[in-house]
Every structure is written in C-alpha cells, then in structure tokens.
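Single chain ahead, written as structure tokens, the form predicted alone.
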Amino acid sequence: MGGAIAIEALLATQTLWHAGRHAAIAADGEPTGHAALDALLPQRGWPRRALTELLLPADGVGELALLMPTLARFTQAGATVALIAPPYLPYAPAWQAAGVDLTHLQLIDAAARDALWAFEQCLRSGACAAVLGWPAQADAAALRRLQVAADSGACLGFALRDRRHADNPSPAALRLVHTRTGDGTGVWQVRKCRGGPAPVQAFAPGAC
C-alpha cells in the first residue's frame, strides 16, 4: 500500500510519466491578464516556478504587451521584475501607462557573454517574481538550467527568442510562437504546454 501511495504522489507532482494515463493537473497557473489565453492553457495561466519561451519572428510583435498585465500586477503588489540585457532601452512612460510600478522594475545591464548567467542568477535568487531575458545562443542545457533556476527561486521566467528555435526541443514548461494568419493578424500559437496537449486554437490578443 505504501508503494502505491508513493507512486500516486509522484504522479500528482508530475515527476513520473505513466503510459496511457495522465496525472491530474491543478489549474493553478499565474493569470496572464488575457482571459482567452488563460482559457487555452491547461493550468489556466503562466506556469508557476517555470520557464516560458516566447518565440518571435522579430522584436516588437507584441511580446511585451502580452506580458504587461502580469508585470503590472506584480510590481503594483511590490514584487520585483527584472529585465536582463533587453535589446532596446525600455521606454519608461509606456511601461508606466501599462500599469508597471517602475520602482519595482530592475534593469540588469550585462554583456552578451554574461547575460545568460545573470538571467539564471536572478531566477534562482528568490528576490524576483518574474525575470525576462533575451538569450540568443542558449542551447538545451542552458535552457534546462534556467528552468531549474526558476523552480528553485519560485519565479516566472520568460525567455524571448528567435522563432527559428521553435523546432528545437526545449525543457521550457510553456512555448508560445508568434505567427500571422492569412489576413495578417498576429496570433500566439501554443507549441508546448505543461499539463496537457497543446491546444489547436491560437490566441489573438485583439480578440480579448
């Protein structure tokens, strides 16, 4: 009996895969601020203590707008959000207009060779509610370290990367790919998600 209980406990914590059987996944994600996106995700929000990848065809396709409701909520509650070597200097008035309390926003300036290390350390520190990074050359091992660091630090990690990495395997708990429909509308397609199969339906921010 004790062995059976131990196995059930492993299944519940998603650390053991059982052929033909799915562990019950609690809908305990961090709300994204987009009701339609929350409805698509098995955990009903960003996976907690985990790394999320946003895979982009280019900078400025709406990736920050996607994250702003979460970042605003965290900073308004007094929690720290860190940006690790962003490719462009954040425009403070726009972040304020989106509801971000700039007193709780930390901008970490790091050279390209140090940015991945800084990203991992901020995730692991336990001092941040969310950390955003732009790791251009991260391989699977580096992403795995970021995932472990996010779990250790009880933090939401967001890696904003080029869409060409979409076909590569990744340990990230959630992967969203930005693409466009036939009429040119920008949408986010769930490529991978914790807790269930990736939904076929895409998320269109303008439809919220």
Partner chain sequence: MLWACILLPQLALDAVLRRLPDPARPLALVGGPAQLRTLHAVNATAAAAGLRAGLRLTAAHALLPEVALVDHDAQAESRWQQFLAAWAYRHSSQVGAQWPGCLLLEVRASFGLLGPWPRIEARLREELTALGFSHRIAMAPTPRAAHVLAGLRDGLSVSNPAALRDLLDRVPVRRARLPGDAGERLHRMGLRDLRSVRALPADGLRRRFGAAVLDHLARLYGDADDALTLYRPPDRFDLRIELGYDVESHTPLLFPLRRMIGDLCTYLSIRDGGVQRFTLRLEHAIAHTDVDVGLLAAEREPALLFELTRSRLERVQLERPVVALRLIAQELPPFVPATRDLFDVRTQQNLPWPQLRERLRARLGDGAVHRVAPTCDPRPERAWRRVDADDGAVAPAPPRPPRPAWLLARPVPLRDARLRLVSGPERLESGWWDGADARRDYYVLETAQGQRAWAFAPPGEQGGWMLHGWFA
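Just so it is clear, the structure is predicted and the values come from calculations on it, not from any experiment. Numbering follows the first chain given and starts at 1.
From this point on, the text means the form predicted in complex with its partner chain, which you will not see here.
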query = Can you check whether L64 is within 4.5 Å of its partner chain in the predicted complex, heavy atom basis?
reply = yes
request  = Please check if D139 has a heavy atom lying within 4.5 Å of any heavy atom of its partner chain in the predicted complex.
outcome  = no
ask   = Could you tell me if D28 has a non-hydrogen atom within 4.5 Å of its partner chain in the predicted complex?
value = no
task = May I ask you to state whether R164 is within 4.5 Å of its partner chain in the predicted complex, using heavy atom distances?
result = no
ask   = Taking T80, L89 and L105 as a possible spot, do all three reach its partner chain in the predicted complex with a heavy atom inside 4.5 Å?
value = yes
inquiry  = Which is the contacting stretch out of 54 to 62, 165 to 173, 34 to 42, 139 to 147, given heavy atoms within 4.5 Å of its partner chain in the predicted complex?
reply    = 54 to 62
ask   = Out of 99 to 127, which residues reach within 4.5 Å of its partner chain in the predicted complex, heavy atoms considered?
value = L102, T103, L105, Q106, L107, I108, D109, A110, D114, W117, A118, Q121, C122, R124, S125, G126, A127
